[in-house]
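Only one chain is given next, in structure tokens, and it is the form predicted on its own.
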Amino acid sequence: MIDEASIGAYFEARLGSGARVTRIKRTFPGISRETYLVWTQEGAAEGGYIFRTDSVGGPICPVPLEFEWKVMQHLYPTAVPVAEPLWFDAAAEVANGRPVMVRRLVDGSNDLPGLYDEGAEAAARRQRVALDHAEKLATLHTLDLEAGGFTRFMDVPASPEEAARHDFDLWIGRWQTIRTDPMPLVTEAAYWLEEHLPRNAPRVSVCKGNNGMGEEIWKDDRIVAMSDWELAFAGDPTQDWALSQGMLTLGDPEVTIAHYEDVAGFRLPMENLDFYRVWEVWKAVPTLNNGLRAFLSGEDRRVSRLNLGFGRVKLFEQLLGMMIGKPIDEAAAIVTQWRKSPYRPENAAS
């Protein structure tokens, strides 16, 4: 963990002009990356910043912090709401040589108190929130990858027909590189999923990865900044709806998707959603198992890494074993029943 006094000195030196750090707060749990909120007094003005760096044992998600920085850097000039990216240090002394990304602090919260209250008014509010999220995803998914510079640092499928295959090959490669154990059941599930890869993506889009409730910054029930871009990729926009943290159950899913399609200007092949719901379970295995490596090497012996990288991975492995050989729509139904959003009441599926 970084000393907060060092962060204060780092900001004051970086900002210059008599800037003074007035408060620092670390956000938790911060298992994969350490994140600090930093407030400053800069003359007569007050400033707020997000300081983000890899954990000592490296991130859990097998994606460099610089990738997330580049995504935000290229999104900021667009209509997609993101916090202003300010600077990136590839090997910051304050973080003992780890990379550091700093962005502007956005006024808002990742929580919407009272969203799950009972009654017609609360239900109407949930639908409005879902529609706003749909609009933001549609804005993201209709960006021009080449004009926006995303093709310069993202792996991009050759065509919409190859979108699922491209993502599959990318993650299979990561799994073969970072896995801590063979896990033959996960390998079998991969071969089974390969037989069902969709080839009808409506377009190749910039996709966010993990998105929705708990993943964005909200104010007055609207998204003011989409956050955490480490799982961003170029591919089938349908995939973003498969891991949207319960956004399709906030209101009427047909109304939500129809609104998204109206804004985006294209239709989603909903059978693809079934595939990606199952595919996201598979992708969770290499994502979490990667974090176990630092525990095994002794770099980071926190039990949370063991719990996620082994315990949680074994749960996903068992879930995949339940689905192998089933029709994809039946497998997707199993995922829907099993995966509960942490931001909803316990009796609500994500």
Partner chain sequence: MKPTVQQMIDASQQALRDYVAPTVTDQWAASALRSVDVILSHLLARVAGEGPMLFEDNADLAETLAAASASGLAADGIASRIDDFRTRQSDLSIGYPAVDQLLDLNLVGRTLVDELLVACHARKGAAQADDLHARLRAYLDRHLERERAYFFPVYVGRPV
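Residue numbers count along the first chain shown, from 1. These figures come from a predicted structure and were not determined experimentally.
Another form exists, predicted in complex with its partner chain; not displayed. Remarks below refer to it.
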Quick one: does Gln318 come within 4.5 Å of its partner chain in the predicted complex, counting heavy atoms only? yes
Contact test in the predicted complex: Arg174 vs its partner chain, heavy atoms, 4.5 Å
no
Check: Though only this chain appears here, would Arg203 touch its partner chain in the predicted complex if you measure heavy atom gaps against 4.5 Å?
Finding: no
Report task. Check whether Ser304 has any heavy atom within 4.5 Å of a heavy atom of its partner chain in the predicted complex, and answer yes or no. Result -> yes
Of the candidate stretches 254-262, 179-187, 111-119, 92-100, the one with residues having heavy atoms within 4.5 Å of its partner chain in the predicted complex is 179-187
The listed residue (Val63, Ala294, Val281, Leu308) that reaches within 4.5 Å of its partner chain in the predicted complex by any heavy atom is Leu308
